[in-house]
Every structure is written in structure tokens, then in C-alpha cells.
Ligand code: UTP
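A single chain comes next, written as C-alpha cells; it is the form predicted alone.
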């Protein structure tokens, strides 16, 4: 294994690590060689996702009014699918609470004021409303990171899964990609260990496959997966009306969206790109796209995504054979020099490679954009203060009757 590792490093022009490995004891050499064999080092030769985009067109949503008119029918269709065991949920929970000044798994952050109320607790409470209405459990897959996996599992056990049936909960660790310095050289995280970072929120299904979760999906006969961001405490999970609307539409996927508050709101907007569902980021939109309106005055590019998607499993299986575009992000990364010094940079110093969930949407034949009321379903906690912060989320929770 050691010979294969050194040959691969030489081929990738990472000879600085060969010299470093020669200084290690045999057992550490073997461990480092095993990590090299397990890592997807092909990312080092991959081009960054192209900045060029295709031809954009608006993708119109199933609006709140239309949903209200069909709510009973959609909801019953969704409940039938849940009762039949066809619907699972995937929580993207690999993040730490660093931006909140909280160096633990973000989901363990306590947003309560007069009582304990954790982010994870809010989400499980939302899911329990669905399982109680359906009289059936929804298989829940929780994607953690190498950094927070043990803490997340322990937290759920300590809190008895907040009343959810633990027999229907599976944890899996997100795949890691290697990180490099700005010259493309692999970095060390510590003695005998290459620095890595999570592979982005687009890698969730590939990470499920790597961790054996697809066997669980097949054993349970799950046909639909609702993947969602953990940091939105009003996130409705396995929402029967949403599930039913997507099934009734005959489409391969669905995306929950909110109407923009202003033409220049900084949010990714669902659209068509070369005739397929896609998402255009706010900074990619032209002035014409931002200001364009329909005859009724509605913005043509009006619906922002909230990272709550529903995918057909058979269509997800097809994506496993597709290499998602890699996005390079320049970040601050603590690392170790080859002579053993730990460096904590003050400025961004390393490239992390990420895949994005929006690129999973682009692989679908079609997508139902499903509008939700942002005051009832969109309370992200991304910052300590200001926009999308702990304070704004608390205010929205209160307005929805949640006691803090």
C-alpha cells in the first residue's frame, strides 16, 4: 500500500508528502497510505465549475393560492405515500456553529430563552407532527461530518431522540475531499494526516451510498427522499402536502421556494437553464433578469430556494454515475507544516472542493417549484446577529406559537 501511495503522490506532483512520509514511523506511514488510498484525489486535477451558464428562462411555481385550493387532495396523497413507507428524509447536519460563536455541532445550539430548545429539537418536533398525522414513522437519515459525528450521535442519545423512534434514525458521515494550499499542494492536518474538508451539500447521496445507506433505502422500499438544511428551524420535513403535490404533478423532483422580498434579494432563484430545472445565484443574474416582470406585475425570477428538495430515488441512482461540478472555495484552514508547526491563518489560505445541492437539481428532468409562506417555513440561523440570525429565528418561532 505504501508503494502505491508514493507512486500516486509522485504522479500528482505531491512529492513534498513523499519526503514527509519518509520521516514517519512504519505504523504512521501505513495509516497515511491508507488515508491516501481512501481519498478521492482526482479532485486535484478537476477544473473548477465553469462560470459560463446556459440560457435562462423563468420557472413558475405552484403558488400558495393553487396549493390552498388543492391542499386536501395533495395532503392525502402525501399521507398515503408516507403510510406506505415510500418517503424518507435526509437532514444535512455536518456543520459546526462557528459563526454563532459555538464550537459544537450547529444542531445542538440552544435557542431557548426560558427553557432549553435546540435546533435539532425544533426539526424533530416538526417531523413528529407529520408522523403523528400519518400514524407512521418516516425513516430519517442524518448526515454528519467527520468533525461532528460522535458529538451529534451522543447528543441525540442523551436527549432520547427528542421523542422520535430511534429505530427509524440512521447516521452517516459525509465524504471528505482533500484540501490544498493556493499552489495546489496537499496540506497536513496533523502528524501523518492529510487535511480534508466535507465534500459540500451536493455530495449527500454519494455519501449515503458510500456508507451503506442505500441498502437501508432499498430494504424499506423508499421511493422519495426529502433532503433539507438543518439550520432552518421552521423547516417542514416530509410535508404531506408537498410530497403529494410533487407526486400528483408526475415530476421527478420538487423544490420548496419562497417569493422574493425584493428584486435584489440575495437568494438563489429557481429557473430553467437550457430547458432543465436549475438555480441561478443572485450575483449571476443580470439587471434585466432581476427587474423583469410578468403581465400581473410578479417578478419573472421570483422564487428563492430554501434547500428543501424532494427527489425520486430511482432518478437519484442515475446521478451516482455523474461527476457533479466541483466548486473551489478559498477558506481559512488550520494546518501543520512538514516540520510539525501548527499554523492558524488569519486570512484565507486553502482551497476546499465542494459539490452543491443545486447541481443535483440540474440533473433532474423536471422540478415542481412549490411556494411556501416564508413567515411559516423559513427561519434560517446562519449568523449570530442581524439577517438570518438567532434573533430573527426566535422572532419567527414566536410568531408561530413556539414557546422560547
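Positions refer to the first chain, counted from 1. In this text, all values refer to a predicted model and were calculated from it rather than measured experimentally. The term rigid core refers to the maximal set of C-alpha atoms that superpose within 1.5 Å between the two forms.
This next part talks about the form predicted in complex with the named molecule, which is not shown.
Checking 331, 185, 220, 323 against the named molecule in the predicted bound form, a heavy atom within 4.5 Å turns up for just one residue: 331. Among 377, 371, 359, 354, the residue placing a heavy atom within 4.5 Å of the named molecule in the predicted bound form is 354. In the predicted bound form, the named molecule stays beyond 4.5 Å of every heavy atom belonging to residue 239. In the predicted bound form, the named molecule lies within 4.5 Å of some heavy atom of residue 92. Taking the partner from the other structure, the named molecule in the predicted bound form has no heavy atom within 4.5 Å of any heavy atom of residue 255. Shown alone here, residue 278 lies farther than 4.5 Å from the named molecule in the predicted bound form, counting heavy atoms only. Partner proximity in the predicted bound form, defined as non-hydrogen atoms within 4.5 angstroms of the named molecule, places exactly one of 261-269, 245-253, 95-103, 80-88 at the interface: 95-103. Using a 4.5 Å cut-off on any heavy atom, the residues of 204-232 that reach the named molecule in the predicted bound form are, in sequence order, 229, 230, 231. If you fit the rigid core between this form and the one not shown, you'll see the Cα of residue 74 move by less than 2 angstroms. Annotation: Cα of residue 350 displaced by at least 2 Å between this form and the one not shown, core superposition. After superposition on the rigid core, displacement of the C-alpha of residue 285 between this form and the one not shown stays below 2 Å.
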